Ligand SMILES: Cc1cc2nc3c(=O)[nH]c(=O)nc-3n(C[C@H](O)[C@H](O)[C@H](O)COP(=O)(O)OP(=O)(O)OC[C@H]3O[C@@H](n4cnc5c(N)ncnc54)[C@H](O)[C@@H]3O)c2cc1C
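The chain below stands alone, shown as structure tokens; this is the form predicted on its own.
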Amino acid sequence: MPKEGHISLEDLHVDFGYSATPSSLFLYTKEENRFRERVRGFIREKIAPLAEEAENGGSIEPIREAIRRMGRDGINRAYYPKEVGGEGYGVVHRTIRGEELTAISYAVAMVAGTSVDLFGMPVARHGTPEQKKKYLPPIMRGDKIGAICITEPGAGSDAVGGMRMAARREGKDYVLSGEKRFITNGSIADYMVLYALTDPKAPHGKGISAFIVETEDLTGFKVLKDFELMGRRGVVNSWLAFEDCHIPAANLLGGENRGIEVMLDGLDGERIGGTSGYVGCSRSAYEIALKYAAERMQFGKPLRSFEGVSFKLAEMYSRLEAMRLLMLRAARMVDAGLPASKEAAAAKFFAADNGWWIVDEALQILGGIGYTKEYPLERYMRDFRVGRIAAGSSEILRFLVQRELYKEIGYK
């Protein structure tokens, strides 16, 4: 067993290397497996020490350095179109990065994913040439941090119908007024993609527009609060106020009253990307439990020899692989240009619910030592729990899946 008191990542993980097992060779292409090995090696060597520093100190600075390192290595630009300086990879590669990064640090994955994916991809897909040239290079390099502003104090799951943030046109500017809450990277973001009502009288969702907001020296912009989170230490999550903030009309993203198109265009990718985090985090928990059960002796036998433990491990493995398969199907559908709202939603709630079960059972296998900070399982539990809430709660996603199912057979 690893010596208690100082347990390294190398001690903890079995390191199956999903890119090296026969089952994963069947699921992923050779190129995708090479990408995984590249990303995994870089993350473990260059990002893991910063992740531990962020967890122990609760500071954003190590995470910002991690994003800069990923920028220098080219990981941040991997999923951007080649015409804007990216490598042109798709959602499958995004899930590989998400899994490997979250297996080491949910905090780094969350900050990086919000900046690079949730801010950057809408600009890459819907921005003007001028917007892409100005905002994407510093995001890809990791020099700037991005955020996405949708949720409001009165609108969480009903983010579209309950939106109150307003944007009115005044000459060459739009003027923003309202509040946004639970905004990842909110108080540290250099740039934001923000959604606001430009036509309050329009039908549901039709009067929303998206804007690129630069926070530096923005008059009327206030950080009301940075929330102290249960997990994902180092992540900044904010409550923001915009009081008559003037932004140039040139920062309108995707056209006036077309914000819902911008939002929905990236929603499936966001949910699939989130799913990769659940796979990565629960995979790490499972690997720790598997190794611990082989080495921990009780009643003169290793834990794995007891049916109560070994059956848990078999169930954990099966659920983990089912999570992966649902995620990969949805990702390949998006990369193929197929509609995948139902598949992405199903993958996310299934992975969020079952990944939480895996993390919980892993801690149960370790027993009392799992409840201490000698092992990172207590951190995984804190980090994982919000996955059943954020980017669409498990309840809302189940509703979306059944709605799509009924549409497919002719019911409205």
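Just so you know, these numbers come straight off a predicted model, no measurement behind them. The first residue of the shown sequence is 1; numbering continues from there.
FYI, the form predicted in complex with the ligand isn't displayed, but the following is about it.
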Given that the partner is absent here, does residue 237 sit within 4.5 Å of the ligand in the predicted complex, heavy atoms only? yes
My question is simply whether residue 156 lines the interface with the ligand in the predicted complex - judged by any non-hydrogen atom within 4.5 Å. yes
With a cut-off of 4.5 Å between heavy atoms, is residue 101 one of the residues that contacts the ligand in the predicted complex? no
Is residue 389 close enough to the ligand in the predicted complex to count, meaning some heavy atom within 4.5 Å? yes
Is every one of 128, 131 and 192 within 4.5 Å of the ligand in the predicted complex, counting heavy atoms? no
Report the stretch among 145 to 153, 263 to 271, 277 to 285, 197 to 205 that approaches the ligand in the predicted complex to within 4.5 Å, counting heavy atoms only. 145 to 153
Heavy atom within 4.5 Å of the ligand in the predicted complex: which of 184, 251, 209, 76 fits that? Just give me the one. 184
Consider the chain as shown here, without its partner, and state which of 229, 293, 333, 84 has a heavy atom within 4.5 Å of the ligand in the predicted complex. 229
